[in-house]
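Here we start with a single chain on its own, the form predicted on its own, put down as structure tokens.
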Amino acid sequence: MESELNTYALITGGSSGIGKALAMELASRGYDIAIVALPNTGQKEVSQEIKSAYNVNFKSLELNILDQGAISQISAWVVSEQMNLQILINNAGIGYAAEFDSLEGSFISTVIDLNIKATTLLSHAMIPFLKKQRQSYILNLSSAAAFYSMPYKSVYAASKRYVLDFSSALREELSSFNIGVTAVCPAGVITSNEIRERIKAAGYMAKISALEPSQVAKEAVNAMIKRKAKIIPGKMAKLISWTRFIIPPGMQRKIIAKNFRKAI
């Protein structure tokens, strides 16, 4: 699909992992890229890679999206840079594998604030810009964890269920404005060596369903452009997700708990 002149995709957490892969994928399709990410997390490297490979504009804003006033700062940035915003990707998030009572209260708050609050408030702030377009898109990063109650990932899985349900409801509200809303629900994504080892420790199913960020990005963007409600990237992850309709919930939780005990 060809982009319009100076049509931007705004990506949170766009300097590494899935966010970087999404930036590269959209740049390859002709979209100008704007990323929001923590300071000193690879923005210069992403800029160099994109500009050397694709004839698109690139902008970055270094801030912590959880800081007071950050959402307003992003809105002001979009206005000051005169971005013709067509795509919002709420990618920034945080996960973990640990016993709930071993977590610090501050860390729990960060998971909730980043996975839920930031996604919600940035969507709210960017919708007026997206409504100006003939058609536009919101892509929210949920997770395959959203389909399960997950011991040792209880807050993370619940936060991603929120993202999935929020996306579904918002999709209906915004349909009359021709704004598509898609939730992407990947299983394990190999974003670092640490994550690779954690996936291996979680067992066979986790290992065979894990994907590289570039594959997740390609399938996610395809689904977004087609205005699908949700996408589970990867054939094995899709297949495994169907087991939730076959295996009783209590047994699911026992299996998940057994596997994640190995990863903590």
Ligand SMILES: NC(=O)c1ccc[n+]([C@@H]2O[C@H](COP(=O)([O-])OP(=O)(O)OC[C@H]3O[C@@H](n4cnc5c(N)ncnc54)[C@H](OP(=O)(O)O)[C@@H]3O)[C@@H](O)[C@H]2O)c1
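The model shown is predicted, which means the values in this text are computed figures rather than measured ones. So that there is no doubt, residue numbering starts at 1 and follows the sequence shown.
There is another form of this protein, the form predicted together with the ligand, and it is not shown here; the text below is about that form.
Undergrad: Taking 4.5 angstroms as the heavy atom distance cut-off, pick the stretch from 78 to 86, 93 to 101, 167 to 175, 122 to 130 that is near the ligand in the predicted complex.
TA: Only one stretch passes the 4.5 Å heavy-atom test: 93 to 101.
Undergrad: Even though the ligand is not shown here, does it sit in the predicted complex so that 37, 65 and 156 each have a heavy atom within 4.5 Å?
TA: Yes, each of 37, 65 and 156 comes within 4.5 Å of the ligand in the predicted complex.
Undergrad: Does any heavy atom of residue 180 come within 4.5 Å of a heavy atom of the ligand in the predicted complex?
TA: It does not: once the ligand is placed as it appears in the predicted complex, residue 180 has no heavy atom within 4.5 Å of it.
Undergrad: I'd like to know whether residue 18 contacts the ligand in the predicted complex, with contact meaning heavy atoms within 4.5 angstroms.
TA: It does: once the ligand is placed as it appears in the predicted complex, residue 18 has a heavy atom within 4.5 Å of it.
Undergrad: At the 4.5 Å heavy atom threshold, is residue 28 in contact with the ligand in the predicted complex?
TA: Residue 28: no contact with the ligand in the predicted complex.
Undergrad: Taking the ligand as it sits in the predicted complex, is residue 151 near enough to touch it, meaning that at least one heavy atom pair lies within 4.5 angstroms?
TA: Judged by the heavy-atom cut-off of 4.5 Å, residue 151 is well away from the ligand in the predicted complex.
Undergrad: To verify the annotation, which of these, 222, 41, 47, 215, has a non-hydrogen atom within 4.5 Å of the ligand in the predicted complex?
TA: Exactly one residue meets the criterion: 41.
Undergrad: What residues of 122 to 147, in sequence order, lie within 4.5 Å of the ligand in the predicted complex by heavy atom?
TA: Heavy-atom contacts within 4.5 Å come from 141, 142, 143.
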